[in-house]
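Presented below, as structure tokens, is a lone chain in the form predicted alone.
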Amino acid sequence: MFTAIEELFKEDRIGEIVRVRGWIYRTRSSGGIAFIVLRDSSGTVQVTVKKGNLPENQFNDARKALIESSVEIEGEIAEDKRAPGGIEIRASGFHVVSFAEPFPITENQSEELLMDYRHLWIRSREMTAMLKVRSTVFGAVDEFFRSRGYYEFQAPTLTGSNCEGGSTQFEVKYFDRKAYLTQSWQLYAEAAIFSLEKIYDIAPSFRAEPSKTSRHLTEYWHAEMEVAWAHLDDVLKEAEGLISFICKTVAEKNAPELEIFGASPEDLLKITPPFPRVKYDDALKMLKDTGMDVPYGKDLRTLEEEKLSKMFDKPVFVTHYPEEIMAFYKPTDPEDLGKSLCFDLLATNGYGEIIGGSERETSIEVLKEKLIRDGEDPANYEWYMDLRKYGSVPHSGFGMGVERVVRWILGLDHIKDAIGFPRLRNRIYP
């Protein structure tokens, strides 16, 4: 039976004989001794392999094995204050499962090379820590929604109509017709709320945005929710509740991983509701006061969002954008004509939008007008119009970019480092 490395440090096990397995993280040898740092998914431990303490062929294998060789080791846990964590394993058995070739990644490699070798770089300490935090975020989303009575609902990835605009769609051949990779689960979710009322999902979304910014992926993981009988204020509260719960869960479960990135669990625990709310018009005034004069009617993008989010110590909602720049399904505020009942949630420290959402338009005529405005054929949305014909109710929802949240929590420079294998405008390999 093998022991996970992290278990070696949880209690006083000095003198115990254990078996561990994993990959060589670092190695050096001198004369009759080899020092190896072994890693598995849970952590690292120092192993000392001394000639005479194990069969000679095993000692020779230990000296010969390069980094990333996979090994199984048996030995005694001993105290060593010089070793990481204050202990080491003194090997009495050393079995090489697979000898690795010279590893192509060394220190101070270029970003492009690390992307070319992403299938190997994913083993790195930083990537492993990020993936653990990412897993926690996915689990927290599930726990948050399920604990509030939401059902998980899946929608198609291949669609015949778009949600966010044709210019950012990936077109694919679907037998003798055109189809598109989904931009959002939303339109199908709006159909499902008439049976389930409260639903959510986490699934890939695709945006053919020709962007080279540090916060855009062409394929990303989208946590979305839709709820019947809900207005804008209802989903604002759900959004801030979700982000707060994610931060709390990561703080409680991933302190060692946060430390690797210089992030603080204490800072995450401060992200609690309520979050500040700012209307679009007021946001423009705040930006103008800093010297950034944004024309009215311009959607807030990377630079504006970065500047605005640095003004708050919690994520901030920006609401009521001009309706002419919003998607067709976002309704007008009857108390503020010309403005949409919508929002973006901007993360702190300049990380920008992490959630976007709105109430949903319920008027068939308005939907048709806006589809024509956007160059769409309303005939392609007949099924969507049916939802307004048969028992329509107020409803609302939002979508959260999982990678954007991971990037913000860990303070990453680029969103490509918040996912195992990023898809960018110029990157689809490996």
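Heads up: residue numbers just count along the shown sequence, starting at 1. Keep in mind that what you see is a predicted model, and the values were worked out from it rather than measured.
The next section is about a form of this same protein that is not shown, the form predicted in complex with the RNA.
Though the partner is left out of this view, Glu107 does reach within 4.5 Å of the RNA in the model of the complex, counting heavy atoms only.
Using a 4.5 angstroms threshold between heavy atoms, Arg404 counts as touching the RNA in the model of the complex.
The closest non-hydrogen atom of Glu74 lies beyond 4.5 Å of the RNA in the model of the complex.
Contact annotation: Met292 falls outside 4.5 Å of the RNA in the model of the complex, judged by heavy atom distances. In summary, the region of this chain contacting the RNA in the model of the complex, judged by heavy atoms within 4.5 Å and restricted to 130-138, 232-240, 74-82, 91-99, corresponds to 74-82. This chain is drawn without the RNA; in the model of the complex, the residue among Thr362, Thr44, Thr48, Gln58 with a heavy atom within 4.5 Å of it is Thr48. Contact with the RNA in the model of the complex, defined as a heavy atom within 4.5 Å, holds for exactly one of Glu224, Glu190, Glu353, Glu323, namely Glu353. In the model of the complex, no residue of the candidate spot (Arg19, Glu252 and Lys310) has a heavy atom lying within 4.5 Å of the RNA. Taking the RNA as it sits in the model of the complex, the stretch 393-417 comes within 4.5 angstroms of it through a non-hydrogen atom at Arg404, His414, Lys416.
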